[in-house]
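Shown here is one chain on its own, the form predicted on its own, set out as structure tokens.
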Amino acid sequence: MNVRHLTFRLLQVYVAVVRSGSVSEAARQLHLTQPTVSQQLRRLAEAVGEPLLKSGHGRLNTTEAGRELYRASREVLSRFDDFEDYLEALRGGKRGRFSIALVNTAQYVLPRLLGPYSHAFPDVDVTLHVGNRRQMLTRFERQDDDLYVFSHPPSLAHALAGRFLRNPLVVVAPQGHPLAQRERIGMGELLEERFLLREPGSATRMMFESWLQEHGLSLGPTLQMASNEAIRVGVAAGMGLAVLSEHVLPPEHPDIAILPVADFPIESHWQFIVRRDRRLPHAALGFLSFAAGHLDECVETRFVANELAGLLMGLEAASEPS
């Protein structure tokens, strides 16, 4: 047998003839002419080198070789039917894999969205990479991931962005701080106290330092710490004050007070970033569509800033041929 002469179309024709027992009925089902079907059967028999069909009792029946070919043909076509189903699910975002790189602070809320998504699409494999802003910028420049989450996005010359969540920055102090009971505090009253800060380049630190500069203020003593969690614990222990994302604070935080500082919170937003020069997997696009439609159900309404429809439109426009 010369298998190179076998084609899916030959196998499809053969399976249709065996199932129907008739060349004319197979031709009708396949929208082909009877001579075309007969020609395909001859080509198939020549390729196999054995007779495949015989007439009997008004219908076509298989020979021994024909029965084995029928079983093999069904298996092959069935596997490709499965593959077609897989492709349909893949293109619909119901299967596949994608990766998200997110800055440390976003890890406090993104799981609230990923949890319901994973339940809805259990066959999608999602990989998370969490790190500080500098690490995530490196991943962005290397195009390591499919989606990125920043509160202070990098240059968007080669990317599209869509806001999805408010990220208010608040001033926190240990519970029992003398100014915690005041209705309003000027930042100038706090500048002599020590502030606990993230590393240079952190988006929260950048925004806080930019706010201070705009207001003509500068900090007194500071202490740099490696993570938001370390800062939160340090504030609770009385090591100093800090500016943190409100999302870093647990729902109940009896050891920490949010100070009512004038012109706070500093308004910030988390954004999904997608590179224009990287093909976005169907699963990643499906996740963005899920987020656009279910954000209100996954996070507190007061934090929602859903502009993902615009991002999806931008991705659709970018994928259209010019």
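Throughout, we count residues from 1 along the sequence that is shown. Predicted model, so just to flag it, every value in this text is computed and none were measured. Superpose the two forms; the largest set of C-alphas matching within 1.5 Å is the rigid core.
FYI, the form predicted together with the DNA isn't displayed, but the following is about it.
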query: Any non-hydrogen atom of G314 within 4.5 angstroms of the DNA in the predicted complex; finding: no
query: Partner proximity in the predicted complex: L60 to the DNA, non-hydrogen atom cutoff 4.5 Å; finding: yes
query: Heavy atom of H282 within 4.5 Å of the DNA in the predicted complex; finding: no
query: N306: touches the DNA in the predicted complex, heavy atom cutoff 4.5 angstroms; finding: no
query: Candidate site S22, L32 and R42: all three near the DNA in the predicted complex by heavy atom within 4.5 Å; finding: yes
query: Listed range touching the DNA, judged in the predicted complex by heavy atoms within 4.5 Å, from 42-50, 290-298, 274-282, 250-258; finding: 42-50
query: Per-residue C-alpha change between the shown form and the other one, S22, threshold 2 Å, rigid core fit; finding: yes
query: Did G293 shift 2 Å or more between the shown form and the other one, C-alpha, core superposed; finding: no
